[in-house]
Structure formats: C-alpha cells, structure tokens
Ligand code: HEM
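Take a look at this one chain, the form predicted on its own, written out in structure tokens.
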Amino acid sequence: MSSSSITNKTQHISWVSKIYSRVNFWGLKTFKAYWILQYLGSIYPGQIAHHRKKYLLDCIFGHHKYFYQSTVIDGKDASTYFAQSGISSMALQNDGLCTFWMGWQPAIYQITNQAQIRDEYLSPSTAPTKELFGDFMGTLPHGCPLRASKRASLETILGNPSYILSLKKYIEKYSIAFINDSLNTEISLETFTRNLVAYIDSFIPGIIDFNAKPLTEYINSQEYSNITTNFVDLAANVISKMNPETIEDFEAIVPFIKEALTDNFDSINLASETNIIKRLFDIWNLPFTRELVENLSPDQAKELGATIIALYDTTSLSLMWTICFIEKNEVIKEKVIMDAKSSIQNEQLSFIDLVVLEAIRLGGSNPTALWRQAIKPFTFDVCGKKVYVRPGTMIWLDRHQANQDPNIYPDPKNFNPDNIKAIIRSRKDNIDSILARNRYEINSFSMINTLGNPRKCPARLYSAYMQSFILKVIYANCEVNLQNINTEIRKFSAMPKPENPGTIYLQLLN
C-alpha cells in the first residue's frame, strides 16, 4: 500500500472519529443513561481511552465483580487493582485519563493530580458514609451555607498558621509528657503514634479540651477501642472499596461521644471559644449543657465523633509513615537528628518539614484511590475536545499513583525529600503554600482534586505542623530504635497503612 493510501485512510478514520464523537456528545447530552451507543464500545470514542473486558456488553460484565474480589475478598487497595487490571497503564498512555464500566456505572479514571472539574458538579465527598458521619461537612452539598459555616469553624483554627504556631509550646510539652511515660518500652509504632497524637489533642488548650479523661483512655478501653481505632478505616472501606456491609457495627460512636463529652464537660465548658466542640454546638444553635449532651441526636453525635476521631487518626497514620521512612534511611535520619537539635529557624522549610511533606506525598492518610459521583451534567476539556459527562458517572482519582508522577518528581517512587524541593516555587514557599487549596502536586488531603479544592481537609496545616513539632521533640531528645519495618501497603486495610510498621523503642539521649 502506498504512503498516500495510508494517509487517505488515516484521514478518513479521523473524520469518522470526529463525526462519531460529535454524535456521541449529542446522544449523551440528550438521552444520558438511555444513549445506547455508550454501552457498545468506548464511552467517549476518539476522546478518552476505554478499558474494557472482553465482553460486548461491557457495562454488565465490567469491572465491578473483579474490583470487589480484589479489594474486599483479597484485601488489596484500590490503586493496586487499577494497576493490575491495566487501567492505570492505559491512562498513563492516554493523557492521564481512561474510562471503564463499574457495573452499570460509567467511570472516568484519572492518574494525575491535575484539577479539571468544578466541585459543585459532584456528590458530597463523604456522601456514601452519611450513616457514619451524620451531618459532617463532607456529607453536605457544595453550595450549602451550613457546610461553609462548619468548614469555617474548623479552618479558622486548624488551618490558621499563626494560631497553630502558638500551639507549638503545648504540642512540645505534651509530647514530652507522653514520651517520658513510653521510654524503655517496646511498643507497636501504630499504637505509639495513635496514642501520642490523641494524648496531645486531648490536652492542647482550645481544641477539644479532654482534660479529665483523655482520648487515650477510650482508645485503650475494651468498650470503645474498636470504634476509636477503626472508625476512619471503616469509612474509607465504604468509599474506596465500595463496601458498606459492616457499617452497622459502628453505632458505638454515639454512646462514646456522649460519655466522652460528659466525662470532660467541665474542661470543655471552661475552654476558649476556639474549642471545636463548642463551635459545633454554636452552629446547631444549642447551649453546651449536660442535658443537651445527653440528648444529642445520633447525627449530631456522629458528626462530633467523625471530627474528633479523624483529627487524631489521620495525623497519627501520617506520622507513622514518616517515622517508618526516617528509620529506613540512615542518611535521612542523621539529617533529621541534626535539624531537631539545631536552634536555627531561619528557613521557611526545615529539613524535617520537607520530610513530613514527603511522607504525606508517598504515604499519606487517605485511601489510595477514591471517587465521587457526577450529580449534574457537565463538560470538561480533553486535549482541546469537549467531553460531556452525564449524571451518575463515577470520577476516580488514583491518588497513590498520581502522587508519584514522574513529570513532577525526580525520584517519584522513593522516599526522598528532594521530591518536595522539586515543587518549591520560591523562597517564600512553606508548609502553608505547598498545601494550599490551589496547589495540586500532592493529593493527600482531598478525595479528588477539584478546581479550587473547596473540600481540601481544613485541618491539613494542623496535621503537618504537629508532625513536624513532634518529630523535633523525639529526635532531639531520644535514641530511636525501630524494628521489623515493612512499608508495603497493608492488605485488608482501606487506609494506606504499612504492612508492618514495626515496634519502636525510645531511650533518652545521654
């Protein structure tokens, strides 16, 4: 065949593809779920690559049962499924996007952190966990005034760098108190970081003010240990692995919150106006009284529980990753110790800050892949072509793989603080700016990146700064010995936990 014949054939295919794409755009926009052609081949022919099973009716026999088998039965995380199924490699080869069928639901998969969609087009981020979270801000629609006020009540405190820096002395004080009680004892790193962060959260003035009975007592109690240690992982299981089957087992969050607030009523009542519990009562237009604590509705108790548990659980998970990564690399550990002992604070980002951000990138504290559903029709641009997305479409982000984008990071698959240096834009960059809502390089505080990220975790700065403060206390004062570390992703855990975080043994430096 001559070269001119090949060219003519390619041009013919190109024109056919363009016409078919336009017809498909019109059909989806007009008939939505009733547009037959979407079920017979690619959902967006000529626009987004489609990963299909071998069946003609891919929508019936698509990925749903295989995804369930891999994540729920075999215990793998969602990102691993996408890698093993070939979906992620197809997306990598096609501008970071790929479509597939999750049962009857069309799904768009993204493997880069680039924001392309407005938040208001998608379902609330924690909508599938309404039974667990109550009226938590993540379950409320984008334009809901109540969502905005609830978010502001947290973000003006836990997202305020000046306020967080004012807490440094308290974080250091209670870190030292907890560590002194943990010296010369071999303990699971997972238990150590969870209890350490929960203990600090309990006593910092103006946060939750659990002075009479700290969170650690509930975490280590027979009655509430399950809910206080597994609540976030269950929520992640419902969303990331699409597995709501065990949700009814966690109604204990309601009596836990009522008991905790009653036990600590006096200290909460005397706390400053920054106290996040009192702030929620204000939003509910309720005075903080013993009677109203006892009569909290299940939704109110669940909302308080989600707020309080997520505050320590996600930070402690991220801290666990950070310590694992530090202890696996002697060169980095030596630099961390030097930084911890240094009195120089001139840099916008200390070496320990870089380490914390790098651990957030590579480990993080939300599931490896998450999704939200389109609730309104919308269009977005793919390589200059408009794609129409109908309601009911799943929008997936593979956060774990997107955070290892080789186009952004020089050493993407390894723990290396130079990866964070690669995204520094100016000498003024710090934790606040790198984790700002309009920065998308690291996705460890959002379900997916939407334009402007209005749902990015309001406590992300508090979490990152707290880890930095804690690490400086530990490595300035203690000899750290961590044994039996395995940083592969743990099976049967929806949150990305190390397969074996090991045991930690702390001794005071001479």
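Start at 1 with the first residue shown and count on from there. Just so you know, these numbers come straight off a predicted model, no measurement behind them.
The same protein also has a form predicted together with the named molecule, omitted here; what follows describes it.
Inset, instruction - From the candidate stretches 65-73, 476-484, 37-45, 457-465, select the single one in contact with the named molecule in the model of the complex, where contact means a heavy atom within 4.5 Å. - result: Only one stretch passes the 4.5 Å heavy-atom test: 457-465.
Legend entry - 4.5 Å heavy atom contact, L154 to the named molecule in the model of the complex: Output for L154 is yes: heavy atoms within 4.5 Å of the named molecule.
Inset, instruction - Indicate whether A235 is a 4.5 Å heavy atom neighbour of the named molecule in the model of the complex. - result: A235 lies outside the contact set for the named molecule.
Inset, instruction - Although the named molecule is absent from this view, report whether P214 comes within 4.5 Å of it in the model of the complex, heavy atoms only. - result: Answer no; every heavy atom of P214 is more than 4.5 Å from the named molecule in the model of the complex.
Inset, instruction - Mark T393 yes when one of its heavy atoms lies within 4.5 Å of a heavy atom of the named molecule in the model of the complex, and no otherwise. - result: Flag for T393 set to no.
Inset, instruction - Report the residue, out of N403, S318, S79, S202, that has at least one non-hydrogen atom within 4.5 angstroms of the named molecule in the model of the complex. - result: Filtering the options by heavy-atom distance leaves S318.
Inset, instruction - Consider the chain as shown here, without its partner, and state which of K333, R147, K278, K385 has a heavy atom within 4.5 Å of the named molecule in the model of the complex. - result: Of the candidates K333, R147, K278, K385, R147 is the one lying within 4.5 Å of the named molecule in the model of the complex.
Legend entry - Heavy atom within 4.5 Å of the named molecule in the model of the complex - qualifying residues of 384-405: The stretch 384-405, when checked against the named molecule in the model of the complex, contributes only R399 at the 4.5 Å heavy-atom cut-off.
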